[in-house]
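This document opens with one chain alone, in structure tokens, the form predicted on its own.
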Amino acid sequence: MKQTPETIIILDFGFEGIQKLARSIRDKHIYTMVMPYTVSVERIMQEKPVGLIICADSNVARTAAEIDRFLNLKLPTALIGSAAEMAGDTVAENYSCDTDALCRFCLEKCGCTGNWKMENFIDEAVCDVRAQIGNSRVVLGLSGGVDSSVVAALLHKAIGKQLTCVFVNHGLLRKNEAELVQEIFARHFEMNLCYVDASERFLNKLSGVDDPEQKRKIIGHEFIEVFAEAAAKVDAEFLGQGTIYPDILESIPLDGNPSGVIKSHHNVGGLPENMKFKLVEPLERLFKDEVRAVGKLLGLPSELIDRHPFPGPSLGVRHLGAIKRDTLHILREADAIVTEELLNSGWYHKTWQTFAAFLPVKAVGIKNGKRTYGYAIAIRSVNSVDAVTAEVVRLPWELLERMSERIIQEVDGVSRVVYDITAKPPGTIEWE
């Protein structure tokens, strides 16, 4: 198991701002990992941590014994919020939720050097990948998104021709996505790239399925099946994935109860138990902005690095309800209009993620002087640093009007366009 030197473990006893706290400390080049309070002591010690930060909100009811088992590790420990009250008599220090104070704790009490930087990460990741892979081959699912593109560049730097990238068209891609991704990678990289059109296969499996978790699991399972077939042709033993840290955090419930999962990411909770591949996930400890920084250091073009994030299940988690080919076409066309108007207005790079979502509800409207009864499209625009929290973007009203007018006029089957103003939390960035 890979350990990051000078790791600080942040234990979550129910603390609303814990991801923001972890991220702010990492900004000071001190590596942090968030773990739920249900984690075993053995699991914590596998990371060889140099210190602990225990966090709890005042409205969380926990027992002193639940905290004491971590204090018995005899590691330098900082207590945040009501954790100090629950711990009782202890040598651990009580801290406010202040980044500077906690960084001093990490540097002065835990012996951190503040040397966790992306330049060092790349060198370490390349060495780790080479040690893990040896002379074996790796197959990587390439979507053209930031995460998979950075993984592709990193793996290619580490193992070269031992890597085969498989770009799967699962029928849930954005408009012209298949052509765009193949063109970009042919232009910038000398990689083994295999294109697989499995759209009918995926859409048939998803037919009639409206539960979001089930959709993700079906997509994850089919990905593995497609990769297995592609890997058999190149005798690949390893599966490369663009898993990043927020994927893992959202797939692990705080209290250990599966019902507490925010959502199972297709590359975490959606993987089949009998999978034959060994996984290689060099970005699994990075937040999204850290992934972008790595990509820039690896020389990836702006057209890849600065693209808006796109989820692994693609339009499958932006199409509510059971996916049908005609309604999927509606979503794809509406989303293309949103992106085009963002680019034309200069707002594309002012927002972190903006997209259209399909709502399986119908409303009466008027089009070309006639009554219509069409579906609704929601536009969502957010700004975020690491995908853990997100704020709603107040797009100009004129821009929203242009998007709405074009979608209703140009996309058959739509009679309403609405704007989603829900932040994260309480909402997730994607609709499903």
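For every residue, the number given is its place in the sequence shown, counted from 1. Worth saying up front: this structure is predicted, and the values here are computed from it rather than measured.
Separately, the form predicted in complex with a small molecule exists; it is not shown, and the next lines address it.
Residues 117, 154 and 242 are none of them found to lie within 4.5 Å of the small molecule in the model of the complex, as judged by heavy atom distances. Shown alone, this chain has one stretch from 141-149, 97-105, 349-357, 160-168 that lies within 4.5 Å of the small molecule in the model of the complex by heavy atoms: 349-357. For residue 295, no non-hydrogen atom is located within 4.5 Å of the small molecule in the model of the complex, even though that partner is not displayed.
Remark: residue 428 counts among the residues lining the small molecule in the model of the complex, judged by a heavy atom distance of 4.5 Å or less. Proximity of residue 309 to the small molecule in the model of the complex falls within the 4.5 Å heavy atom cutoff. Using a 4.5 Å cutoff between non-hydrogen atoms, residue 387 counts as a contact of the small molecule in the model of the complex. Residue-level contacts in the model of the complex: of 332, 288, 216, 285, one residue has a heavy atom within 4.5 Å of the small molecule, and it is 216.
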